[in-house]
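First comes one chain, alone, set out as structure tokens in the form predicted on its own.
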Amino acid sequence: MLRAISTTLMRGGTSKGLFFSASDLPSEPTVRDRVLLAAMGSPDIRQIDGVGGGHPLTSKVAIVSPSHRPDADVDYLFLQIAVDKAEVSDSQNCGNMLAGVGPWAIENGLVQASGETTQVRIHMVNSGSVAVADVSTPDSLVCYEGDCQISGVPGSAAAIPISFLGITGATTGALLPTGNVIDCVNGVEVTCIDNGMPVVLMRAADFGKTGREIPSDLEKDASLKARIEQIRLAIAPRMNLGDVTKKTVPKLCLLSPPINGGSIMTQTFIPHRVHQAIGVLGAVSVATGCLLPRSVADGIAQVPAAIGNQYRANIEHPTGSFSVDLKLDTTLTPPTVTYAALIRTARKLMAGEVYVDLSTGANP
């Protein structure tokens, strides 16, 4: 027996996934997760019996509902659906899928369009922090068309500026979760940052890499992947993340000098595949690391001088780059990030119903 569940397939930034109303899914998490695994077609490397794209970047879910918080319009729960395992993780935010939440909330009546641009305040349930998205709404309708181009996405679309509030230490409790700017793990110097996403920064050169390797070549390097996973498992408890064997955080990012005039080049393990670009909140954490004296990015990063107290870091990745704006309070040690913002785009791809095979045990 197949069960139909209303959903919207959307691209958010450089990710793609299903957007659901919380009221259309089971409230009990284990049952809900079985439904989502069945919808995506996991576990299966091709996700052939579901709508997943066979890659972590296209196997994502956003669950949206009205927010009871006075400082937010909607709640957004992000779930990463594993491709080859029967695992659903809520251990991280996704800033790319976040880009689709504002348009979805307006089109589904959770937020009323107002003027040429509608501001949507989004409570990111995974971390408890708030993001503010500005959605183009001429004639009180969401407009997806525009001239904004982001690396990793063909063509152009309407710009969705997103600013983040209260994301510093949102997952681990501190900007520097270990309490140190530099830690040494298995003979490798690392900087652990949590400014929206827990990320372990490392120098690519310390692994014999140049920063010009393509993701597929890095994924084929079994020795490299084993070293990086050993570091991830070893440093996670010191980042207040505990045992991360079955978690998708922290991310691990190899840093190298910029190639195309940006601030720094990145190659990000997410954690067992290599990102074709870089996650939004991961980029915010990397940009933060670039501004911290004595971090592993010190001496590699080339960040332009601040205008006032605002910096713009251009984070390069395997398919391009994008800019992150940060404001710092330099009167504190270490400096505290008071503002972070960037621009993403989103597009509605399909709306309708996804059919779940109840014989899998996913009975909503």
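The structure displayed is predicted, hence computed values, not measured ones. The first residue of the sequence shown is number 1, and the count goes up from there.
The same protein has a further form, the form predicted together with a small molecule, not shown here; the description that follows concerns it.
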* **Proximity of Thr288 to the small molecule in the model of the complex, heavy atoms at 4.5 Å** => no
* Asked: Within a 4.5 Å heavy atom cut-off, is Thr118 in contact with the small molecule in the model of the complex?
  -> no
* Asked: Looking at the partner-bound form in the model of the complex, is Ile160 within 4.5 Å of the small molecule by any heavy atom?
  -> no
* Asked: Within a 4.5 Å heavy atom cut-off, is Asn96 in contact with the small molecule in the model of the complex?
  -> yes
* the small molecule isn't shown here, but in the model of the complex which of Leu77, Ile270, Leu110, Ala174 has a heavy atom within 4.5 Å of it? -> Ile270
* Taking 4.5 Å between heavy atoms as the contact cutoff, choose which of Thr137, Ser129, Gln92, Ser263 touches the small molecule in the model of the complex. => Gln92
* Structure fact -> Of the candidate stretches 55-63, 311-319, 298-306, 30-38, the one with residues having heavy atoms within 4.5 Å of the small molecule in the model of the complex is 55-63
